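To begin, one chain is listed below as structure tokens, in the form predicted alone.
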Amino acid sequence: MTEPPVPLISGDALKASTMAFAVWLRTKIETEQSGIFTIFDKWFARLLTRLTEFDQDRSWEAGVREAAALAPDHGRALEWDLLRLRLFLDRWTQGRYVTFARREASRRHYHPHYGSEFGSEIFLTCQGAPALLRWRGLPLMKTVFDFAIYPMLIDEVRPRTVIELGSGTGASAVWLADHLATLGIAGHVHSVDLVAAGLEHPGVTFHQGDCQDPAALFGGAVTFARAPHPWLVVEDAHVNVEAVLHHFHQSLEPGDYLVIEDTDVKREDLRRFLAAHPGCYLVDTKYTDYFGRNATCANDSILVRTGPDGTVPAPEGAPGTSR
């Protein structure tokens, strides 16, 4: 069930969260970045300096509105900065793992279609325009955001089994398998489509199957009940989505990941699936929001399978990761 809409962080809560984030960020810059500031870090520092110049007995929102009335051009830029800060901290204070219902409840603060800070002006060209991104010379139908997100996700989760629903030309399966090999992960990619892709790769098995019959998707060639975990299941077939998700839910274990791509046309399927399995999945906002809220084709749908207590187990053997 969708939670009621929630107001965007403001007032004293905004100030407190900003100061808490400033402390966290300072430590990260010193320990992880050797004292070097990113573009975001510099923006935040400049904005914090400006906001703390206002009368601290009043809200920052009031101070910015007053500045905008006195100097419209400069004030509008400051209003934009403050909104970006409020949106960012609203997510940061929720933590990494968030329920799908909580994500739905905050969509009203973002783009109405994508649930993102960005609109069609970004997503229109994020796969490349006029040409697609390529891998090994093959056109790869991933957004530039997902092109960066998947390798990080694979490095942390270290999946032993990757299941891709919707092979297309086979380029994305090869791309996923190459990342497994590069990261030293003893995993294998199983990719399925109505017509098995004609590529060959030692880390990929291409299958012929129809999502209209989920139980027979892989033709009995693979017994997934014995396939090693962790799993990464990527739904990109766009066919019989809810039934396919229910089918794989039976085999997913705590710590496995389920990614539903192009969520904007599958949201109703996703809502029904999650409603049927309450408490079993959380949205991993480390990846959905890495470049900003839902800067991915899998908006609100990079999901991790939780344990019996509703928490996410730490991945085994992932180097340099933190939960």
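It should be emphasised that the depicted structure is a prediction, and the values quoted were computed from it without experimental measurement. One-based numbering along the sequence shown.
Below: the form predicted in complex with a small molecule, not depicted.
- Out of the listed residues 194, 83, 144, 71, 194 is the one that sits within 4.5 Å of the small molecule in the predicted complex by at least one heavy atom.
- Only one of 211, 153, 204, 122 lies close to the small molecule in the predicted complex, with a heavy atom inside 4.5 Å, and it is 211.
- Heavy atoms of residue 181 never reach within 4.5 Å of the small molecule in the predicted complex, leaving it off the interface.
- At a distance threshold of 4.5 angstroms between non-hydrogen atoms, residue 237 is in contact with the small molecule in the predicted complex.
- The closest non-hydrogen atom of residue 166 lies within 4.5 Å of the small molecule in the predicted complex.
- The small molecule is not drawn, but in the predicted complex it has a heavy atom within 4.5 Å of residue 140.
- Comparing 71 to 79, 246 to 254, 229 to 237, 97 to 105 against the small molecule in the predicted complex, the single stretch with non-hydrogen atoms within 4.5 angstroms of it is 229 to 237.
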